[in-house]
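For reference, the chain that follows is the form predicted on its own, supplied as structure tokens.
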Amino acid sequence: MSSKDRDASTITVQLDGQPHEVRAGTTLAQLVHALGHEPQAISTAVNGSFVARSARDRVLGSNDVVLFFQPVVGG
């Protein structure tokens, strides 16, 4: 694969404040899985908006800002 093909098939997102390359078409759920996280163990947000587990089929776009954080339970 040429560098031009590689560049066209990857995008860069900001993951917890750091640039992170993913394949174009990657969903948030796939990113969670690829990084070895249990889906129920973390919460997610994209571009400042909370993303429920059931909505993680969302395809990530170039320059999306992705945050992983521990769910908070309290009362």
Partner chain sequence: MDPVAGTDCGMSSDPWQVDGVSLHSRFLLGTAGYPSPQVLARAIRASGTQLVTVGLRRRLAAAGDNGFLQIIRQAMAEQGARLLPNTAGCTTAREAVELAHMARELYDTAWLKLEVVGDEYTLQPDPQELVVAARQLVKDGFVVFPYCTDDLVTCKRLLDAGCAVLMPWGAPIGSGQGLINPFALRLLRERLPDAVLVIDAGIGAPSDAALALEMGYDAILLNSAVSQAADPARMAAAFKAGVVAGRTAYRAGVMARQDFAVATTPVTGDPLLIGEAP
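Numbering follows the first chain given and starts at 1. In this text, all values refer to a predicted model and were calculated from it rather than measured experimentally.
Beyond what is shown, the protein has a form predicted in complex with the partner chain; the following relates to that form.
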Query raised in the report: Pick from 53, 58, 20, 23: which residue has any heavy atom within 4.5 angstroms of the partner chain in the predicted bound form?
Result: 53
Query raised in the report: Quick one: does residue 41 come within 4.5 Å of the partner chain in the predicted bound form, counting heavy atoms only?
Result: yes
Query raised in the report: Given that the partner is absent here, does residue 33 sit within 4.5 Å of the partner chain in the predicted bound form, heavy atoms only?
Result: no
Query raised in the report: Is there a non-hydrogen atom of residue 67 within 4.5 angstroms of a non-hydrogen atom of the partner chain in the predicted bound form?
Result: yes
